[in-house]
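This document starts with one chain, in the form predicted alone, laid out as structure tokens.
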């Protein structure tokens, strides 16, 4: 098996980091205050184990989504949840399914369980065929929605149709759903074969604490609790995430700002002639072009290296026909976006 390859984490300062889809803004002040309170009395609480099943965090997630906390499972980032799902539902003779392209961690986790991976292609028009998912033969299917790295979102109506036709467990990976216009939480509430996974790393700006959770049918939640590690979310992460979920005002303001910057970035790149996918996450997938460079794998690589030389990091996915000509650009602050666009303009003039 091959390990997952994360985006570059640069050393030293001065970088404009638009390559790993982190939230460009600091987290909720309530989350920071919850950490301070947990560290009171010279951090005495750290000598004690946290809630073994993350009960306060699950209750906060239940309030946030109007979802039964007994049907919520917390993890060390949503990656931990994905790992638990594959541990429980996949293995030899029980393949996983995924859209192609989508999150490259799925095959890594499947390989650790000796599970085959079945890939269902995203169509050229960036749509998904429910019948193709239903007929793929997987025991558990991972639908990244909005899709990363493509950026497109599949409607709840389409996802519901997939769930209706698919006989296995459908996992809707909603890492970027807070930035989209719709989500599939209602499907997890209503249907017996749908799990929705969420992360605190993107919209809630807590990537450094590693918190995620799953909204599950009751029997699925029970099984995941049986296979997860005890105390799988640490004390500080639990209290910070619970506080962040309760701060809806901060979330609304931050999401609105990221969306506004994303829309400005999309408009600016299209005006420059770049080929830009519909964007529903906190990132944009766009193919660079200039007066002397048509969209191509080579043009994408040239622009990437030009930006990196100026300490601006974006990401390339050269291994797939739908992404090979493009760059994935995380939505940064207004200032970071201005710096990126200025560098792009300089590359286009070169």
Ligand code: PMP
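Given the structure is predicted, the values throughout are model-derived calculations rather than measurements. Positions refer to the first chain, counted from 1.
In what follows, reference is made to the form predicted in complex with the named molecule, a form of this protein that is not presented.
Just one listed stretch, out of 214-222, 142-150, 230-238, 186-194, contacts the named molecule in the predicted bound form at the 4.5 Å heavy atom level, and that stretch is 142-150.
210 is the sole member of 160, 87, 210, 119 with a non-hydrogen atom within 4.5 Å of the named molecule in the predicted bound form.
Put simply, of 99, 138, 175, 265 only one has a heavy atom within 4.5 Å of the named molecule in the predicted bound form, and it is 175. Within 4.5 Å of any heavy atom of the named molecule in the predicted bound form lies no heavy atom of residue 254. The named molecule is not drawn, but in the predicted bound form it has no heavy atom within 4.5 Å of residue 204. Within this chain, residue 250 is remote from the site of the named molecule in the predicted bound form, having no heavy atom within 4.5 Å.
At the 4.5 Å threshold, heavy atoms of residue 280 stay clear of the named molecule in the predicted bound form, well away from it. Of the residues in 158-172, none comes within 4.5 Å of the named molecule in the predicted bound form through any heavy atom.
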